[in-house]
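Below you'll find only one chain, the form predicted alone, shown as structure tokens.
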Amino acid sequence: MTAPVDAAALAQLIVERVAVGVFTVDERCTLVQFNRFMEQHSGVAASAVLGRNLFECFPELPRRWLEQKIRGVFVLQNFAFSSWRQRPYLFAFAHNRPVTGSVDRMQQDVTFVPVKGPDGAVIAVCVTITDATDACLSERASEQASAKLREALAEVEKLSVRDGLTGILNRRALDIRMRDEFARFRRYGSPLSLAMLDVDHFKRVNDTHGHLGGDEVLRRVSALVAAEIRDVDILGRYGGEELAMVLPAVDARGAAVVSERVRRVIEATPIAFMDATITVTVSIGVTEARPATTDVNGLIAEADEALYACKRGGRNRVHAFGADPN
């Protein structure tokens, strides 16, 4: 005949053998239970701590926080919980996972369980410590992968709209933005100007300093222009050595002022390349959208015509469409 199971002995066996830390304290925080998991990971034998105050045995514990948790269980007579996301660990136990730069201690979920006497009053609090290191590492790896994916997608998006040499908008993205701004002009009637900028004698720069020198000139000119316009303005590489500035809410007079400021800054800023210093100038043609302007192509044609007037007039100047060339 099978002997009856000793429930108390079985429960004690489970507490001792379970892969979870278990310790129990009374209302004065005196340790009345300290299982094998706690012994193995703390390096302290149960016999050395039972009957003693928890914080005297382990002064490194976050005393104020832990006392509040334990006191709360006694007062509310209910469970309490703390995740590794809120507090990475209670006891600074080592973990047995590969060394990582992000986790140097066992990550722990901590549960506070009320232990009630025959009359239903809480007489002790049993604290369980679950090793959550794997969950932590998995979540962080997932977050890192997601972050890398977001970075990769952002880079792809950047490459799809940015010119590889200058970093400003490429022709495709520039065309889209110009159409958007022109549609806004047609809808609301607010001013819109376009300035086409061309580096003077760019072929001479390439012939003298090579294509690498020409590339450096385009990079620096683009950066100088970008620094002189507003955040709401649009700067893109239209083609070759030609840049376009789309200036929302700016009329032709204002666009000419901005363009003249850009022209002067570029003229006054020598560009260092290898052992040489390259001085460049630019010509800028400006136009403003008008009710009679039918589409973006018409706006571009007017800016180009103004730009050609700059070239005919000797370069290194700003010219507005329709203005007297002289």
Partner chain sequence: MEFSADQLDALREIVNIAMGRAGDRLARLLGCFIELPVPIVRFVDAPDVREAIRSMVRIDGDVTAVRQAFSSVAPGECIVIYGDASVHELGDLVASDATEAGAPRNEVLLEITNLLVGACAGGIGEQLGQELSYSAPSIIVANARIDEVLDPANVPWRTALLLEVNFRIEGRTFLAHILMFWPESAVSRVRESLDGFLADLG
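Numbering follows the first chain given and starts at 1. For clarity, a rigid core is taken as the largest C-alpha set superposing within 1.5 Å between two forms. Because the structure is a prediction, the values reported are computed rather than measured.
Omitted from view is the form predicted together with the partner chain, to which the following refers.
Checked against the partner chain in the model of the complex, the candidates Arg230, Lys116, Arg253, Lys148 yield a single residue with a heavy atom inside 4.5 Å, and that residue is Lys116.
The listed set Arg290, Arg52, His41, Lys69 contains one residue whose heavy atoms approach the partner chain in the model of the complex to within 4.5 Å, identified as Lys69. Highlighted residues Arg64, Leu76 and Arg87: every one comes within 4.5 Å of the partner chain in the model of the complex, counting any heavy atom. The partner chain in the model of the complex is approached by Phe81, whose closest heavy atom lies within 4.5 angstroms of it. A displacement of 2 angstroms or greater separates the C-alpha positions of Glu67 between this form and the one not shown, with the rigid core held in common. A movement of the C-alpha atom of Asn170 falling short of 2 angstroms is seen between this form and the one not shown when the two forms are aligned on their rigid core. After superposition on the rigid core, the Cα of Gln86 moves by 2 Å or more between this form and the one not shown.
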